[in-house]
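In structure tokens, one chain follows: the form predicted alone.
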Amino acid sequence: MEPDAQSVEVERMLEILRKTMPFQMVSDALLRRIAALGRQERYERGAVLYDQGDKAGDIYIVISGSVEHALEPGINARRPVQVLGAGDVFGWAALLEKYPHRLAKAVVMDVAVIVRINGDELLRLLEADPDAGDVVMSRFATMITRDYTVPDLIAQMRGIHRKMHSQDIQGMNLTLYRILQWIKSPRPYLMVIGIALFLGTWYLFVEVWKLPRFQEMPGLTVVLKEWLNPNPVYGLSLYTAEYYKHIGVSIWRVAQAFFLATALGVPLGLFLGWSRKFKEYVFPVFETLRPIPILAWVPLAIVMFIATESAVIYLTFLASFFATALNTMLGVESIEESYVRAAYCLGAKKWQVFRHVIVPGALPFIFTGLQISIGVAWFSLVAAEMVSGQYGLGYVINTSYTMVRYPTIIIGMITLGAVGYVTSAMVRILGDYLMQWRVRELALGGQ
């Protein structure tokens, strides 16, 4: 084939692939490489493309005409016989791990033009771009479930083996690999520039220009000198054990409040979004209590909890609980009703829909809520510790203000922000790790 004719053929193949379900979310660059694997063939009426038990090698895409696809009885498909037309994909047994043979008989009903792509070559290509490969394989799995109604075969889909590039450290796990990719990106350097601009502005406003609004505020050099001093003037620095005790106490309080808010807020949010009747009873009370500031709860907290520590954890828990429950409820409500109806049509019971559709579908909102929740927990903790704490970063900030130790206030604030940032990042990383398997659901957003 001449180069120009070959280019035209690839472009035609590219347009065909864009219209097929498994490849809709693939980038043009990868789609072009997939298109180069395809070969177009014409079949007459009555031609048998493959029969049950044949060795599975190629994947087929119908360009024109029609093909009868009949699954063998042992597969237990709810739609064993289908007539496939333009844009339909079949021959997916080539992608199954434990079924190297055909599970169906495919016969051309009308004169058909069909594209064939070798399954092994496709997998090797997808392994070069594992993130896109996961999407393609997930959409194949969704197609098998939705169009061919044989969900039992999903577990047999061949996985994408992620390969590190030659310049990467051999045996490096995925987390370290992602960190390395993050370091190679502009993001960390932009973050450093942003922090440097903030510190530079602070230094200029307070110590160089000495603006009226900042006359009483400690400068950058004063704070750093106190923070790094083995013998701090106000008794708190990186070299004092008390400093780490305050940090540890605050982290422990936030951890207890955050886990309690998650354990109660997530189920409540799921039921608020899932059950309309439950929401009608509970949500008005929920929305009435949610806007009440944390400081307004302080008197009741002291009355209800005799122990000071319990009162601090309760006040820290409140705002975190409302943020978690509300985002979880919004996550459930964001799930398209068609997914729920489809699950019921496939024979799922109510509890199965809740477990396999509602909970996974709400996870992105849940983890967004948890990131907000952990930040709100730190905010609430400071208010609680200022009122009734004996240790902690909020206690440090409050007592430093009353004793006119302004550098210590800044040290407490910066430490609070740094620890809060780290905990929020940990929640985000945990969410990314737990939701890797959700590529299938996220990929469906392109339909």
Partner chain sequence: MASRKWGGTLFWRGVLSIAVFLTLWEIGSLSKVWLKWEMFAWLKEMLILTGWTKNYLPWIGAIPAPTEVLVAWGKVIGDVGYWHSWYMSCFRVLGGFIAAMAIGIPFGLLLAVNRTAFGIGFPVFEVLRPIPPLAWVPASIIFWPTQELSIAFVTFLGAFYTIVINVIGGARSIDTRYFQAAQSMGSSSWDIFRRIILPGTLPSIVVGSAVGMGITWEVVVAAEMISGGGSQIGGTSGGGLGFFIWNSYVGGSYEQIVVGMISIGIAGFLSSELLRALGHRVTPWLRLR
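Since the model is a prediction, treat every value here as computed from it, not as a measurement. Definition used throughout: the rigid core is the maximal C-alpha set that superposes within 1.5 Å between two forms. Positions refer to the first chain, counted from 1.
Only in words, not in the display: the form predicted in complex with its partner chain, which the text now covers.
Relative to its partner chain in the predicted bound form, residues Lys277, Thr288 and Ile294 are all within 4.5 Å by at least one heavy atom. Think of it this way: in the predicted bound form, its partner chain has a heavy atom of just one of Gly235, Pro73, Pro299, Gly347 within 4.5 Å, and the residue is Pro299. Taking a 4.5 Å heavy atom cutoff to its partner chain in the predicted bound form, the contact residue among Gly200, Pro230, Gly248, Gly194 is Gly194. Between 412-420, 23-31, 56-64, 37-45, the stretch whose residues reach within 4.5 angstroms of its partner chain in the predicted bound form through a non-hydrogen atom is 412-420.
In the predicted bound form, its partner chain lies farther than 4.5 Å from every heavy atom of Val208.
Among heavy atoms of Asp131, none comes within 4.5 Å of its partner chain in the predicted bound form.
In the predicted bound form, at least one heavy atom of Tyr406 sits within 4.5 Å of its partner chain.
Proximity of Phe214 to its partner chain in the predicted bound form: non-hydrogen atoms within 4.5 Å are present. After superposition on the rigid core, the Cα of Glu242 moves by less than 2 Å between the shown form and the other one. Once you line up the core between the shown form and the other one, the Cα of Glu280 stays within less than 2 Å of where it was. The Cα shift for Gln215 between the shown form and the other one, taken after rigid core superposition, is 2 angstroms or larger.
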